[in-house]
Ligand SMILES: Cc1cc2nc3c(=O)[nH]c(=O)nc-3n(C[C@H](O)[C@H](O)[C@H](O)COP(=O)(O)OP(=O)(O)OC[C@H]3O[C@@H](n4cnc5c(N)ncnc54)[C@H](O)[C@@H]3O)c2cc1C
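Read the single chain below, which is given as structure tokens and is the form predicted on its own.
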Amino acid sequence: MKEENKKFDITVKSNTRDLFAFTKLVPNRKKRFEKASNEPITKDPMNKLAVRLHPLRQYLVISDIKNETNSTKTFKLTPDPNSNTKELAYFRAGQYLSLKVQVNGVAITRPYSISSTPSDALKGFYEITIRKEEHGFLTEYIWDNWKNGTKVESSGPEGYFFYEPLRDLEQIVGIAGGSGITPFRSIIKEIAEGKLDAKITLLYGSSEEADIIFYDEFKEIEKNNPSKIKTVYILSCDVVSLEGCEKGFITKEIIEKYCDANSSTFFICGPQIMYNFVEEELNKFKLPVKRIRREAFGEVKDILTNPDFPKEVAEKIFKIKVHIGNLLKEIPAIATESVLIALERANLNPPSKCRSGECGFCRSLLIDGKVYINPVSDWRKGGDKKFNYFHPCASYPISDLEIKIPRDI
């Protein structure tokens, strides 16, 4: 029997021959054992490679700052020459870094997508593009304090918002809103470099023309790669003058105008309000779940908008007994802020990366009390639900609590 997969150019000659080959595995392994040296292995190249690819910490320094818009800057990060970070970890276009920043003596973490390409990491730099949020706890600090030479501590590259040819279709439809454009810059540039074998149509929603990030850069890339890259800007403002723009929102009709939904994989990144709107539009296509990829969007800005959040506790402040190592401490916690924020305000330095319930890095034990867990961000395994483990970044106190949290690594 002979079957051919034209896409991957694989020929399966015979099921019987494939099964027979398994019978040779053990004898062949024994022969290799017999031929192997008796000398002990003194080097472990695989573990060394794993540390290079997945460092617990990277110590970086800002080497350049570029103004993208009035409210957005791109920061170039290189290894801190006075640290043990001598090279940057490689990554997949679309991943993020979790930054650990001291703000007025309080250690907090925030995830930011890498907007540069994996090949740039091999050249010795990352770029992250940050939009200043009104009354933003960290971004206001960044605007006032970050300059060339500022030291920045980060995790290794994290996240699952990347193109995988074994899973995703060749045609990508990117849907971005606001600063959610940043991972798409990495993906688009890698396609333009010829390092990623895919095509992308990017639908980018903004409220004003002045808020569009990377407009000139994307238009130039599209001009040089017309068969692989297409960018469409959707503006909700009254007056639209830029070339290649649509007016309104990213609706089913806009998607159909520029894309074939049935032959595409969708990648979505933006604020929560955009996710809520776009998901309703995509539901109209009745696409398989595997064809829609979502980037973790961080903590919910206003948990009160969730219809099932218990409104009767909205104004309450609860007490949390926190076990961390041999320490027991009691801290206050606002019902409408995540448990993670309460831990950070108390300067307990809790472990955190994605802040969306996805990575599980902050996984903790709920000993007593009740929490509201945002259903959109509930990525817990079945066993964790059964034995009262929860993710502080996606959970909100709705009674007094007693919890046990891990130490930050």
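Numbers follow the displayed sequence, beginning with 1. Not measured: the values here are computed from a predicted model.
Separately, the form predicted in complex with the ligand exists; it is not shown, and the next lines address it.
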* Would residue 146 count as a contact of the ligand in the model of the complex, using a 4.5 angstroms cut-off between non-hydrogen atoms? -> no
* Do residue 110 and the ligand share at least one heavy atom pair within 4.5 Å in the model of the complex? -> yes
* Partner contact for residue 296 in the model of the complex: the ligand, 4.5 angstroms, heavy atom -> yes
* To do: Verify the contact flag for residue 131: yes if a non-hydrogen atom of it lies within 4.5 Å of a non-hydrogen atom of the ligand in the model of the complex, no if not.
  => yes
* Exactly one of 223, 257, 301, 86 has a non-hydrogen atom within 4.5 Å of the ligand in the model of the complex; which residue is it? -> 301
* Name the residue from 90, 285, 137, 249 that puts a heavy atom within 4.5 Å of the ligand in the model of the complex. => 137
* **Full three-residue contact with the ligand in the model of the complex, heavy atom 4.5 Å, for 96, 179 and 182** => yes
* **in the model of the complex, segment of 352 to 360, 367 to 375, 39 to 47, 23 to 31 with a heavy atom within 4.5 Å of the ligand** => 352 to 360
* Asked: Going by heavy atoms, what in 339 to 366 lies within 4.5 angstroms of the ligand in the model of the complex?
  -> 341, 344, 345, 354, 356
